[in-house]
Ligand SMILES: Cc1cc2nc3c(=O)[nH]c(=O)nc-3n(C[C@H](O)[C@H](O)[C@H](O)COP(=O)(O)OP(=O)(O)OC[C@H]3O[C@@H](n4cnc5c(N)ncnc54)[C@H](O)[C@@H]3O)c2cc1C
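The chain that follows stands alone, in the form predicted on its own, written as structure tokens.
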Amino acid sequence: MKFYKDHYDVIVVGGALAGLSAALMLADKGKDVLVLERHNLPGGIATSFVRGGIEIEAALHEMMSIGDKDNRLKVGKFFDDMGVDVDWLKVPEAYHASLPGLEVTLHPGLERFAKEVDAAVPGTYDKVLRLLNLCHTVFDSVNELSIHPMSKPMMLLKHEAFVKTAGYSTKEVLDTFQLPQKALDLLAPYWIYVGSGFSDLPFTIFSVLMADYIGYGSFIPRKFSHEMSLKMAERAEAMGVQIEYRQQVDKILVKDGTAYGVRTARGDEIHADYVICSAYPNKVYTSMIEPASAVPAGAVKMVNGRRLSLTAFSVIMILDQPAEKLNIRDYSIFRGDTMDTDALYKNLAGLGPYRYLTCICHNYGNPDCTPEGTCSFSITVLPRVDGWKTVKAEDYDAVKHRVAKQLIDDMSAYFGVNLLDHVLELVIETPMTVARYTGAWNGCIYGYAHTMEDHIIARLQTAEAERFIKHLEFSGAHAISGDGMGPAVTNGRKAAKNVLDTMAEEAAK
């Protein structure tokens, strides 16, 4: 019996969230789909691992675009529509900001958030609420326009706030509100999840982030991020998708400018009408296209012109006491010595000491995630890839442990507790860990940076011109939406929609 069919409608390279989202959407339309995944499990970075008999979340801090059961947002609705039954838990807060002169816990809900900022910085309620409402209006426009594009005159008529702010940076728009610096500091912590300083971050991106997280709150799966990927894979197979693990794709086959299949590392040549690829275009266009002469010059120019966003360094600990006994009192803590996001972005180019940390105690979102009497606590920085590319193999262990100790010492001093005295299990994840496990280009988990020169609005306008090889689509964090697990799902769906649209167009000819 042959391992593979003679032909598929679509081959999906990569069984992480984007690839599985694409497979689900295609299978829902009756397409014959093959997913090839290099690991023995689905999910990519959306996974967990076991140490000392305890399952530990590997990456997810919080999931955006889910929404409550009676008010689903686009990612949550997609899971529901596809029959992927994830047990979502709502995170109890937005974040605790530990910043110079500020120790403030803020919660979702536009009015509540504005009141809590006002309590810390009196006299700011009206301005903060007006800003958050503006973010929400832009967020609604982005969601509608992603489904129903319209002419520029109609956009101005129906989406005035979106059009008027689209060409401005976050800093430029925030400056118009004339808020005190401490209020601006309290509005800034989520910047790290999009990875550009405010002077270079499009206000559109900031709006989507704030409206989603602050307007609707964030969620985590009860059984860790791997619950998402396992249930997505299970549902996809039930819908007829063939998923094969331990199958690394080495080449994407191209003839006459059109992709027609792949070749795996073990030598299988598999044919399909379309290929959706989760690998970064950097890798695809430099080493995966066969023949190499089929790569247009414009493709290489595009990847050379794009700036990689952030990678990740995390210390994940299982501690031998409940969180409150270690003075850990919040699910999410953003801690820094400044909220000058441009200065913090510059700092992330090096190897530390890092000036801005994000910490998660999963027990406050999921009380049963560790055995009774223990807690899970992680400390994460999201560096740029620049510095970590310079680490030599012989220096790797020393650098890794130096950075980890800096993070642990910082939070130990903050809590007044030596966390190292309470460690049951400790795992260090570095950019090299990410690169090795996921194959992400230089360990970059957030795709290409959203900047004033290159962000979602510009990318939507150039998307057609950047489809350099026919019947080849890209999914993953590096695709149009960028940034995180929720957008990865959106990117997978977008790739599937492109395939379905092209199929319909070609059938109509």
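In this text, residue numbers run from 1 along the sequence as written. Bear in mind that the values here come from a model prediction, so they are computed numbers and not experimental data.
Not on display, but discussed next: the form predicted in complex with this ligand.
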Decide if the three candidate residues Leu17, His61 and Ala488 all line this ligand in the predicted bound form, where lining means a heavy atom within 4.5 Å. yes
Could you tell me which stretch in 454 to 462, 66 to 74, 22 to 30, 53 to 61 has residues with non-hydrogen atoms within 4.5 Å of this ligand in the predicted bound form? 53 to 61
Val13: touches this ligand in the predicted bound form, heavy atom cutoff 4.5 angstroms: yes
Using a 4.5 Å heavy atom cut-off, state whether Ile45 contacts this ligand in the predicted bound form. yes
Since only the chain is shown here, I'm wondering whether Ser309 would be in contact with this ligand in the predicted bound form (any heavy atom pair within 4.5 Å). no
Are any of the heavy atoms in Ser196 no more than 4.5 Å from a heavy atom of this ligand in the predicted bound form? no
By the heavy atom within 4.5 Å rule, which residue out of Thr370, Thr341, Asn347, Thr438 makes contact with this ligand in the predicted bound form? Thr438
Name the single residue among Ile333, Met288, Val403, Val138 that comes within 4.5 Å of this ligand in the predicted bound form, judging by heavy atoms. Met288
Out of 438 to 453, which residues reach within 4.5 Å of this ligand in the predicted bound form, heavy atoms considered? Thr438, Ile445, Tyr446
